[in-house]
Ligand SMILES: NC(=O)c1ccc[n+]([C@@H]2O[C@H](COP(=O)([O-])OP(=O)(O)OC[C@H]3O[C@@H](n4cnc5c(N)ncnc54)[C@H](OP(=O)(O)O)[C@@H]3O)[C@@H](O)[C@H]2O)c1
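Only one chain is included here, represented as structure tokens and corresponding to the form predicted alone.
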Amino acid sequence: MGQITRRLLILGGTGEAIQLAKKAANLPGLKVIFSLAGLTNKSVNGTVLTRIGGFGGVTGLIQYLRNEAIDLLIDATHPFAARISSNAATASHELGLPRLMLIRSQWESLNQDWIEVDSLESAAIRLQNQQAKRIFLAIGKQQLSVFYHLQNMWFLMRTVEKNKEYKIVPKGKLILAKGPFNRSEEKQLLLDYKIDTVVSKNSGGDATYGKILAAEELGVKVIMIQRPPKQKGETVVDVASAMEWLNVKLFENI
């Protein structure tokens, strides 16, 4: 009797997701499909089947999971990708599908001096209240327009790649660069551009933590946007733990 091949869908969007897909592809009896929303050029370099694009909401995701006979689902999307995580939770519950969330640990302030807010809009208000002048806006490329109305401020905006759908962006300078960025490099960047405030999402991970460490060293204010509420369900914080979960599931009668 031949070995049963099970099918895993990984919802990607992070470096950990790519690492997981590469490792999972080596597990016997497992077919890996790696899905990206299409908002980034991240890929698994052809080592596993990669799917680009959305599913069409929760209904479309349920249909995809059925059509592709998916047995296991791992949500390894960005901590701020709340919509797809919600859809994954609903779809997996509807189908009785085992689901794991791989979510990296969030950053913690070393000096407890962050200004914590729950949204980009709240961050914009706090910038006004703090009378910030030169801001390092490290929030990705999709929502820069939220700060467009702050015409009395200057923004340094860093993204991995250009957004073809840019319409309005704040006054300042846009630079393209891909991490990881170390503390020394980030410190020099803040000094070169005379930054007085950093606005960042609490994404976690090491690749972009350097700017936070540099800001705290220099006494630069940090406005930290907190993560949206996490979906209920089994969660791990690293690739090794996700692989342990997979190995267990592959021996279960699912």
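Sequential numbering from 1, following the sequence displayed. Just so you know, these numbers come straight off a predicted model, no measurement behind them.
Although not depicted, the form predicted together with this ligand is the subject of the following passage.
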Q. Applying a 4.5 Å heavy atom distance criterion, does residue 224 contact this ligand in the predicted complex?
A. no
**Q.** Interface membership of residue 77, this ligand in the predicted complex, 4.5 Å heavy atom rule
**A.** yes
Q | Any non-hydrogen atom of residue 20 within 4.5 angstroms of this ligand in the predicted complex | A | no
Q | Contact of residue 187 with this ligand in the predicted complex (heavy atom, 4.5 Å) | A | no
Q: Heavy atom within 4.5 Å of this ligand in the predicted complex: which of 65, 32, 198, 36 fits that? Just give me the one.
A: 36
(Q) this ligand is absent from this chain, but in the predicted complex, do 50, 100 and 247 each have a non-hydrogen atom within 4.5 Å of it? (A) no
Q.
So if I measure heavy atom distances to this ligand in the predicted complex, which of the stretches 24-32, 56-64, 189-197, 205-213 falls within 4.5 Å?
A. 56-64
(Q) Within 4.5 Å of this ligand in the predicted complex, counting any non-hydrogen atom, which residues from 119-154 show up? (A) 142
